[in-house]
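Before any questions on binding or motion, here is one chain by itself as structure tokens, the form predicted on its own.
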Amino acid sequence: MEELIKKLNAVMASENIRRNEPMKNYTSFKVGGPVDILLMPQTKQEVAEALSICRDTDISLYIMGNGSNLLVQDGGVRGIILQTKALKHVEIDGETLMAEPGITLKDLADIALEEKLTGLEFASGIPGTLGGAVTMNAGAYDGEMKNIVASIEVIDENGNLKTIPVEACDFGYRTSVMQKYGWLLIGINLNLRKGDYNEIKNKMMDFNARRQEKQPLEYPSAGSTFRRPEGYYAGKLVQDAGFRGYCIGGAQVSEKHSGFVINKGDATAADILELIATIQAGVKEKFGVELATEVIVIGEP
């Protein structure tokens, strides 16, 4: 481990290499034990060099953005987490927006608004980064990332830089090619359209007002906890199974929207996982429906 840290110090500032770092400080759930090594590269070059160093070891590696869809268990993570949150550069060429994965969807939507570019309004209130949204093919209000992505740039499992056209991204419901391979996303090209500033702004304000009204944004969570089962709505299944407001420890099914499991302030990852499992069992028993999670779980109990 000391030799690995020495190599990483040669390509990154030491303050961006954290050891035994509590992951509760880096996830929207605000829970999680420590990771052995947290890397926070500040440029594409640092990302590429750090990735190459880490892949030359047999130590496990996980790549994350800003942790808005991530649940780290209480025992923490043995290995390395590489965070791409610092990669936020954006360039605009006509109706094409080229961005790095660490920029938040809110900030990117604001940039598109200022450039009078339409197509990204649906994402303006989705928590998380562009990279996470593309990886999960995030969507809301009849919009999905697959509808505006032109291509992505990745570092593949062999360290090669590749450009992947949208046709090869394998976008589906909350899935993409990024979930199938050990690639690192470093750039996204979006196809937007010229529009009217006020129309774009009003649409963003409308979507965000709806979120404020319907979602428990005042509590730590990872957004929608469950994927939508075919033919159903996850939140309605959870509510109809009697789980609205249901608590285990500091974890609760939101009273505002039953599709959200929230941290009331003192939850552990174990509380959240037990609540999720209880909901899944209850919904399966009552409706015969398997609820899969949108939330990604890593680490040790």
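These figures come from a predicted structure and were not determined experimentally. Residue indices: 1-based, along the sequence shown.
What follows is about the form predicted together with a small molecule, which we do not show.
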- Find out whether any non-hydrogen atom of N263 is located within 4.5 angstroms of the small molecule in the predicted bound form, and reply yes or no. no
- Query: With the cut-off set at 4.5 Å between non-hydrogen atoms, does N66 touch the small molecule in the predicted bound form?
  - Reply: yes
- Mark L70 yes when one of its heavy atoms lies within 4.5 Å of a heavy atom of the small molecule in the predicted bound form, and no otherwise. yes
- Do W183 and the small molecule come within 4.5 Å of each other in the predicted bound form, heavy atoms counted? yes
- Location of the small molecule contact in the predicted bound form, chosen stretch of 157-165, 184-192, 109-117, 90-98 [non-hydrogen atom, 4.5 Å]: 184-192
- Note on the structure: As a check of understanding, the residue in A86, A150, V177, A140 with any heavy atom within 4.5 Å of the small molecule in the predicted bound form should be identified as A140
- Query: M136, V77, C169, I200: which sits within 4.5 Å of the small molecule in the predicted bound form by any heavy atom?
  - Reply: M136
